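To begin, one chain is listed below as structure tokens, in the form predicted on its own.
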């Protein structure tokens, strides 16, 4: 029997909603059967906590006296440059931005101790952040310099705006070369002496709704410890990849673009991450509620780590040079066992994503729903699915020559 989001919300209001996290519901479906479980279960909560590079925040820092026009000027927060090309006091901070004086990889491998992600964590933690600005001055914005301390509570607006989060599956990284390499998949030892992966597997949001049936613009979610919303598919959203018989993508596929108010978030769920030899990223906590509208959705939410597969990719040669293919395919059950077998070799595995934190997020979201403080939303625009035929396009490189730019 089909249900609606409105019907489920009414059960939440009356304290009658039946909610399980995505780990618990596997046993529910196994014991009760798909049809009965779909009738009884109303919501399945999911979670993920991992580095998500395409994240950031925008702020309106308020006007000084006399006024200063940050737009077009040079502005830093704790030494990290921000983008100022919006207006007088609107600024945009990217999670991967680095301090101006950081040596980066000039001293290899770089430590990347502090960047935009750490600024976001500091602000959410209630710490003072130093704002330094140099402006060119105008008749209506005469001030040209500013050095001050600012807190999150001082901002007029502070919004987490992440362009690509919650990747639906991803590569397993290995290193076939004879030397250590430093990547966004962590430090990879030579001659395939370790393998790293980054997904919560059976708890991961987009692996529990592989065709995005319940997701879209306006979906209310757990974001960074507070309430956030899905804006739509994120950058590099690519649903048209090979899939298993269960409909699960065999490689990286869908993504989410999300937003939420920073002032309600918690530093436990927004953490700056320094990745040796690579850069800075922001570890983000995301939890998505999946309404069980019918048996098909119930079937998808009962996914197990044994059902989910990922491609093993060489990050020393194949990945940096866009060489297609993989070294093999492994399940998340195998990855979480501590080792996988690739080309006849047993390779130790480690995750960049915290399964324990993912479960905690799913349980927090479950509690909010059971207590009646979190309601589901009907998406106003769906996320493109496989039928849309979208594909991730590569940059078409063209030689740059002196002279005028492209004709308009």
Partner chain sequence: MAQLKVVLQFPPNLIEQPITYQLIKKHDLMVNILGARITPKEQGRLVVEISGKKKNLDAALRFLKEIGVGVEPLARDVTWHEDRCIECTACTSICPTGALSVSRPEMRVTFNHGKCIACELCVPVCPYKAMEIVSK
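Residue numbers count along the first chain shown, from 1. No experiment lies behind these values; they were computed from the predicted model shown.
Same protein, other form: the form predicted in complex with its partner chain, not shown, and the subject of what follows.
K.L.:
The chain here is shown without its partner chain. Which stretch in 267-275, 147-155, 290-298, 78-86 comes within 4.5 angstroms of it in the model of the complex, by heavy atom distance?
P.N.:
Answer to the contact question: 267-275.
K.L.:
Only one of 316, 311, 238, 194 gets a heavy atom within 4.5 Å of its partner chain in the model of the complex. Which one?
P.N.:
The option sitting close enough to the partner is 194.
K.L.:
Out of 304, 244, 337, 177, which one falls within 4.5 Å of its partner chain in the model of the complex, going by heavy atoms?
P.N.:
Flagged contact: 337.
K.L.:
Each of 2, 208 and 212 having a non-hydrogen atom within 4.5 Å of its partner chain in the model of the complex: is that the case here?
P.N.:
Checked in the model of the complex: no contact with its partner chain for any of the three.
K.L.:
Please tell me whether any heavy atom belonging to residue 33 falls inside 4.5 Å of a heavy atom of its partner chain, as the geometry stands in the model of the complex.
P.N.:
Although its partner chain is absent here, residue 33 would stay clear of it in the model of the complex, with no heavy atoms inside 4.5 Å.
K.L.:
Please determine whether residue 357 contacts its partner chain in the model of the complex, using a 4.5 Å cut-off between heavy atoms.
P.N.:
Looking in the model of the complex, residue contacts with its partner chain include residue 357, since a heavy atom lies within 4.5 Å.
K.L.:
For residue 118, is any heavy atom within 4.5 Å of its partner chain in the model of the complex, or not?
P.N.:
Answer yes; at least one heavy atom of residue 118 falls within 4.5 Å of its partner chain in the model of the complex.
K.L.:
Tell me, yes or no, whether residue 189 is in contact with its partner chain in the model of the complex, where a contact means a heavy atom of each within 4.5 Å.
P.N.:
The answer is yes: residue 189 has a heavy atom within 4.5 Å of its partner chain.
K.L.:
So which bits of 341-378 sit within 4.5 Å of its partner chain in the model of the complex, heavy atoms only?
P.N.:
The stretch 341-378, when checked against its partner chain in the model of the complex, contributes 348, 349, 350, 351, 352, 353, 354, 355, 356, 357, 359 at the 4.5 Å heavy-atom cut-off.
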